[in-house]
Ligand code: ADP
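In structure tokens, the next block holds one chain alone, the form predicted alone.
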């Protein structure tokens, strides 16, 4: 099968009657550890993936922003003059329009152009297909104009927060921009600084897609944001300098437990302990301690399962089954929850047998074969030089 650049050239010609002028790539991501900590200004350790969204672009000279999604087989367009005022539609194109609107608000003219987007990042799997789309579209609309990489990530996050309406943290857009081949990236979601974390040899990363996305996911995400805020408010009454759960320690939780409702307390306990697990995971990477890395993944899942309550039957089954397969070092749910993927650390040489075992067990239990992705840490977003 032709790779995305070659395939996009052919589809672009068929759709727009011309060749694309430039092609941009932005990766999806899988988060190794640090879940639901980003919007609480904590720490995360994602990797950018070789699964990516590609956006091809050419000028059209007709005063329109025209977009065709190869994945959706659907076209949309807007007059350039209406970009700043066009409303969201609850549609995949909101991610494109939201980015275009944020560029206008930041003082960049959106060119009259044709865009063709095609993504190898599966949607609904928790691998950040939306951020990959946002970042690749932003680069295509910028063209040869430069933007600071951090500003690019922040602009794309604003598009998702303010236009699409999803109160996500910075992690997805950040790693799509700053990904590093062969390494994870530890992100401080408050300072927006990062540290490259080389991954030790002797391991592979496999994502397993549960093939479900329960409807509860979107509303529950907003609930968790609110519940974390309630926990912060409870601590702030005694410690006014606290502004987020990043500032809350395990000692604070013990001290102020009686002043919190049970649910916000459990949400805060997850975030506080998860930040500690991130630090421990990075240290384990430095000393190439694969066993400790795997144990931390399992502990993260149990916290997400019981304290944060964003897992589901399918994810728990995938984790529990994975831990019984030879060569598995650790497993946990990754992403927002209520479906999507698990991330699995596998001893080198065991990935193929693991995939066979997990697919067989899941198919027997749920009647569907889960998709599995070997996750190779890839570089961040950039122009693809061969168009």
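Positions refer to the first chain, counted from 1. Owing to the predicted nature of the structure, the values given are computational and were not obtained by experimental measurement.
One more form of this protein exists, namely the form predicted together with this ligand; it is left out here, but the text below deals with it.
Does the 4.5 Å heavy atom contact test between residue 78 and this ligand in the predicted complex come out positive?
-> Close contact is absent here: in the predicted complex, residue 78 is far from this ligand, nothing within 4.5 Å, heavy atoms only.
Heavy atom to heavy atom, is residue 122 within 4.5 Å of this ligand in the predicted complex?
-> Residue 122: yes, in contact with this ligand in the predicted complex.
For residue 95, is any heavy atom within 4.5 Å of this ligand in the predicted complex, or not?
-> Answer yes; at least one heavy atom of residue 95 falls within 4.5 Å of this ligand in the predicted complex.
Flag residue 208 as yes or no: does it have a non-hydrogen atom within 4.5 angstroms of any non-hydrogen atom of this ligand in the predicted complex?
-> Outside the cut-off, so no.
Report the stretch among 294 to 302, 200 to 208, 148 to 156, 123 to 131 that approaches this ligand in the predicted complex to within 4.5 Å, counting heavy atoms only.
-> This holds for exactly one stretch, 123 to 131.
With this ligand left out of view, choose which of 161, 244, 71, 273 has a non-hydrogen atom within 4.5 angstroms of it in the predicted complex.
-> If I apply the 4.5 Å criterion carefully, the residue I get is 71.
Here the chain is shown alone; which of 266, 213, 236, 190 has a heavy atom within 4.5 Å of this ligand in the predicted complex?
-> Going through each option in turn, the one that passes is 213.
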